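For reference, the chain that follows is the form predicted on its own, supplied as structure tokens.
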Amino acid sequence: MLDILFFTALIVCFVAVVTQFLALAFRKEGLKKAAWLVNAATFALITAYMIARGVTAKRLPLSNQFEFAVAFAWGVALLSMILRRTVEEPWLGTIMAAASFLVLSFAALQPRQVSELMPALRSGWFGFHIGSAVMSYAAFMTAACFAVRYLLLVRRPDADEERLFRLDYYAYRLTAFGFLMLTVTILTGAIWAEQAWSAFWTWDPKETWALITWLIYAAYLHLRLIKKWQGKRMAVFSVVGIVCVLFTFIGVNALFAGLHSYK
């Protein structure tokens, strides 16, 4: 039953990408409404799946690579739903639906069996630590979507300066939120690590790359707030940042063994 719900969400997410693209291409009101409804259905299905899996497992569904990927896709879909109300950018639903679909597709390649929590994960910090990581990754992914759109538009000789400013501003605000959530992730992880392994920091590969990611986004905010960098340079920085986020999420588990190697 869980697999049926998951793959239904994956298929509907793909339909959302196609519908959003068609709405952009043909600019029909009917297609726009349909795209919104399918996008909302995707979010509802992912939410239903996470709830069902949590009930089945009798815990938060955030304990392994598959569950984190599903939650990551859910976070991107959530931000898409929220931003649709405040950002008038017709492409936003398309690129964010595509991001959710790619993350869900990665999840589909992971083992999906429901298992008990490892002893190291049985802590009150579990939800805070991993939940904040989910939202930080989702915020960084969304910021990167804005940055990519900025880089595509800024090359046009007739680029709308107000539109570019808006894209740059939202990328910055999302990055700031993601940085806050990543800071919470690292701090709660350090406290949890001291309780579980008697050390606040062990230079585990996941910890190390989380710190590298944090430093990249700290540099982004420093350049933005202190050096007053804006526009194209910040957009490029955001794209570099999401590459680091994705390596921390996927590459570290695939290439390195460590205390965070939960499959």
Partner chain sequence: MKKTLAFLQSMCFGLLLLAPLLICSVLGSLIPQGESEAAYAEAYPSLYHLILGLGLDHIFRTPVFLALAALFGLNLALCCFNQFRVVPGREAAVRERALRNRETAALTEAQRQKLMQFLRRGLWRREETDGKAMFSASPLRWYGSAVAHFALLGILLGAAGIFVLSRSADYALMPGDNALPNGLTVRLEDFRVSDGEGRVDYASTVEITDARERKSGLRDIRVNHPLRFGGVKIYQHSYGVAGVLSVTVKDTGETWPARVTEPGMISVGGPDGVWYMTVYPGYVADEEGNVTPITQTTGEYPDPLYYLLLVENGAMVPVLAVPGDEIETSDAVYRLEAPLLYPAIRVKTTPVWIYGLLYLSFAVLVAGLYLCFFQSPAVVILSPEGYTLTGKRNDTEWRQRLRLLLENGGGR
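Because the structure is a prediction, the values reported are computed rather than measured. Numbering follows the first chain given and starts at 1.
Not on display, but discussed next: the form predicted together with its partner chain.
**Student:** Using heavy atoms and a 4.5 Å limit, would one call Leu225 a contact residue for its partner chain in the predicted complex?
**Tutor:** Although its partner chain is absent here, Leu225 would touch it in the predicted complex, with heavy atoms inside 4.5 Å.
**Student:** Does Ser132 reach its partner chain in the predicted complex if we count a contact as any heavy atom within 4.5 Å?
**Tutor:** Contact check for Ser132: no, nothing within 4.5 Å of its partner chain in the predicted complex.
**Student:** Contact with its partner chain in the predicted complex for Ile212, defined as at least one heavy atom pair within 4.5 Å: yes or no?
**Tutor:** Contact with its partner chain, yes.
**Student:** Consider Pro119 of the chain shown here, and say whether it contacts its partner chain in the predicted complex, taking contact as heavy atoms within 4.5 Å.
**Tutor:** Output for Pro119 is yes: heavy atoms within 4.5 Å of its partner chain.
**Student:** Using heavy atoms only and a 4.5 Å cut-off, determine which of Leu151, Val184, Ile95, Ala107 is in contact with its partner chain in the predicted complex.
**Tutor:** Result of the distance check: Val184.
**Student:** Tell me the stretch among 200 to 208, 22 to 30, 61 to 69, 37 to 45 that has any heavy atom within 4.5 angstroms of its partner chain in the predicted complex.
**Tutor:** The contacting stretch is 200 to 208.
**Student:** Along 146 to 185, which positions have a non-hydrogen atom within 4.5 Å of its partner chain in the predicted complex?
**Tutor:** Glu162, Phe165, Arg166, Tyr169, Tyr170, Tyr172, Arg173, Ala176, Phe177, Phe179, Leu180, Thr183, Val184 sit within 4.5 Å of the partner.
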